[in-house]
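A single chain, nothing else alongside it, follows as structure tokens in the form predicted alone.
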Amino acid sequence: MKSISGIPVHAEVPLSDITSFRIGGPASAVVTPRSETELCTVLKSAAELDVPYKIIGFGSNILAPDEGYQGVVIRLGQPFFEAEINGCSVRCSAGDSLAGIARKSIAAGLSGMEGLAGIPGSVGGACAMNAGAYGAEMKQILSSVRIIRDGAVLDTVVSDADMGVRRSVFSAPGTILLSATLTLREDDGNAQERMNDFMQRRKSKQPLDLPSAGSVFKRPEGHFAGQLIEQCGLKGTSVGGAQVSAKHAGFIVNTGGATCQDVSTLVRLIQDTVFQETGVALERELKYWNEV
């Protein structure tokens, strides 16, 4: 199949090409809808043909399987419309870059996304996992969303209960996020400076030179995951091509040729060791393929 109703379909695409970990075998098909209508068409076709599918954004928080995926990967990897800024309100597509929207908002004289500017994911992915950094999280600014749920397109106001610690009710497979409206604040004159500071901190502390999927674990209450992992002597520990970053123990990096099995084995080793030595149970922030 080369297309669905004129929408290009690419066959046998390595998941390592479309996830930031650079891990994963081939997907049977990958399609990137260019509009809400095209997305609905693809979903309808998959249902009619009884073909399994996965919804992903930029693939920046996903560990893909070594064996690949016998189904269709639907990538919300490009915006369906140009982001709209009206006063302190920003309406953007699920396929927009979160970092790009942060920069646009600051350029428009708004504040509230400075801490999010370094997160290398899509707006949809950020909403789905309530992404956050440096004291900022999507929950603080997300006011309403447009979603597909149970086959229906819905516009809904976001409540506090919808967003948790690195999770939200707006995540696949139950919900597909189409767009989001963010409510920001007027810039106090220092937003650009704050963003630059956060970006510099990220560059100096995080292993941005090697493929990874960002922070592997959620922050446990009263602790920092990276500090616990380092205290347990695991910094630099490797399983195959997967390594606990020597720069920041909260990250697992692909030093070359890492497999899904390497990463998942290392994740379990970290969790077991930290629990045995500290009594703290680390919960994954990283999503495995069966959770997407």
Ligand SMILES: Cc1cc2nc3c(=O)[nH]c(=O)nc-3n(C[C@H](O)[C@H](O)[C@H](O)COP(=O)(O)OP(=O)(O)OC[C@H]3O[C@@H](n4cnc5c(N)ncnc54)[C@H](O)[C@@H]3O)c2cc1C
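Position 1 is the first residue in the sequence shown; the rest follow in order. Note that the coordinates shown come from a computational prediction; the quantities given were computed from them, not determined experimentally.
Not on display, but discussed next: the form predicted together with the ligand.
Non-hydrogen atom within 4.5 Å of the ligand in the predicted bound form for each of Arg194, Leu228 and Ser245 = Not one of the three qualifies.
Options 101-109, 217-225, 116-124, 84-92; stretch whose heavy atom lies within 4.5 Å of the ligand in the predicted bound form | Selected range: 116-124.
Just one of Arg202, Arg149, Arg167, Lys139 has a heavy atom within 4.5 angstroms of the ligand in the predicted bound form, so which one?
-> Contact with the ligand in the predicted bound form is made by Arg202 alone.
Considering Leu184, Val158, Val72, Leu76, which brings a non-hydrogen atom within 4.5 Å of the ligand in the predicted bound form?
-> By the 4.5 Å criterion, the partner-contacting residue is Leu76.
4.5 angstroms heavy atom contact with the ligand in the predicted bound form for Phe58 = Looking in the predicted bound form, residue contacts with the ligand include Phe58, since a heavy atom lies within 4.5 Å.
Wondering, does Gln206 line up within 4.5 Å of the ligand in the predicted bound form on heavy atoms?
-> Yes, Gln206 sits close enough to the ligand in the predicted bound form that at least one of its heavy atoms falls within 4.5 Å.
Any non-hydrogen atom of Ala180 within 4.5 angstroms of the ligand in the predicted bound form | Close contact is absent here: in the predicted bound form, Ala180 is far from the ligand, nothing within 4.5 Å, heavy atoms only.
So in the predicted bound form, does Met163 come within 4.5 Å of the ligand, heavy atom to heavy atom?
-> No, Met163 is distant from the partner.
In the predicted bound form, which residues of 270-286 put a heavy atom within 4.5 Å of the ligand?
-> The stretch touches the partner through Glu285 alone.
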